[in-house]
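The chain below stands alone and is given in structure tokens; this is the form predicted on its own.
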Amino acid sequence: MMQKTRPMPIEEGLENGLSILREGYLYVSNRHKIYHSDAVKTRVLGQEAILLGGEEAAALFYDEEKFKREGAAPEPAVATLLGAGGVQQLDDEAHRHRKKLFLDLMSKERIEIWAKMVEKYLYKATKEWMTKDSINFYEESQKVLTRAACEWCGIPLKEKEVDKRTAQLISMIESPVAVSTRHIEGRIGRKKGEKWISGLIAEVREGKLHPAEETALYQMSWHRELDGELLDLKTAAVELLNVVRPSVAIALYFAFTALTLQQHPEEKAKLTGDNPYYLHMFIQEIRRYYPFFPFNGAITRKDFVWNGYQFEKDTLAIFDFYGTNHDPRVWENPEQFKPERFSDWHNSPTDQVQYKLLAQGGGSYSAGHRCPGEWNTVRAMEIVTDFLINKIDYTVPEQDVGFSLVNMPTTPKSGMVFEQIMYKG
């Protein structure tokens, strides 16, 4: 029996990529509001695409029987943020096999080691911060996380290399939808980063470098694919950067955590109160409320009908993370910062959060395309929140802390400047 279909709304224009650059995080959700639909056809980068958003559409987008990732990422993102051949671009058994490699690195024990390293390098950085008149917390957080991520992954990093490697990693993060020189910097950063990491992997395989077996450097160096072959050096480097780069991207959340504590000082009392779960609620609300990465792509595997709309095989779909995290059908008063909305979310992301909170992807954490480093992110944010409230004192001078919803990704414009930094006690 054939399903009844209805026409899907269509955005006018032969090419609407410039609208994405003009509207940024709001581009997809603006189209959904204009056309009163969770699915809207458009054209971007010379091809037809369907713009999706909302909880119900998230369940569709992460249905692996209907969508695949191979070929979905646009070339500018592959050349900067993602790298070619990484886990995000795999499907089916190849994806599950590769993702297990990442999940094995994210055991509870290893996540706690990661947390201790973040804390260690925050303390070390503070010794330097105390000698300065002011610091840019976003920029300093990048270096803290580069040091922590490299040590956690077993990557040797000399102090004189920190600024260079941090700049390369951040250029990959900030450049996928940037224009002009910033995008070029991202391409260069990607090439130099892969050369750096592939050189280390080659040294491991040649017996010149001996990282601990539980580290990402060791595991990526010796990972074998389904055919029993080692990853080629370039792909192994891409995957190791897929651990390091997102770990440094958390600096975006560190800056927004500092902003939140400044703009919502009442939260400090709640965070030091009697509710031991409030810290987790606070962090989840930061991840929901503030922009991180705006959207993701997939390609339809087959023809199907959803909500009366016909989807044709080999069509690009773009799913809206930011708009879904601010969807009033899912979140009451979504433009309010309200950690209490998570008071009953005591289960893991694979239970209640799968298709609602999409800060780092959605669907199944263990088998799907949700980010395997999600718990590393949460744990690092727990550390930095406690650090800013309980471990140091600082003043926040007058500055422009607004953030653009056009720039992707975005941070407070000032980066959060701190002055008069001191250890407590």
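Quick caveat: nothing in here was measured; it's all calculated off a predicted structure. When you see a residue number, it is the position in the sequence shown, counting from 1.
Below, we turn to the form predicted together with a small molecule, even though it does not appear here.
**Student:** Based on heavy atom distances of at most 4.5 Å to the small molecule in the model of the complex, which listed stretch, 396-404, 36-44, 360-368, 49-57, is the contact stretch?
**Tutor:** Looking at the partner contacts, the answer comes out as 360-368.
**Student:** Heavy atom within 4.5 Å of the small molecule in the model of the complex: which of 169, 250, 148, 283 fits that? Just give me the one.
**Tutor:** It is 250.
**Student:** Within 4.5 Å, heavy atoms only: does residue 106 come near the small molecule in the model of the complex?
**Tutor:** Judged by the heavy-atom cut-off of 4.5 Å, residue 106 is in contact with the small molecule in the model of the complex.
**Student:** Looking at the partner-bound form in the model of the complex, is residue 256 within 4.5 Å of the small molecule by any heavy atom?
**Tutor:** Flag for residue 256 set to no.
**Student:** Under a 4.5 Å heavy atom criterion, is residue 338 part of the interface with the small molecule in the model of the complex?
**Tutor:** Flag for residue 338 set to no.
**Student:** In the model of the complex, is there a heavy atom of the small molecule that lies within 4.5 Å of any heavy atom of residue 292, even though the partner is absent here?
**Tutor:** Although the small molecule is absent here, residue 292 would touch it in the model of the complex, with heavy atoms inside 4.5 Å.
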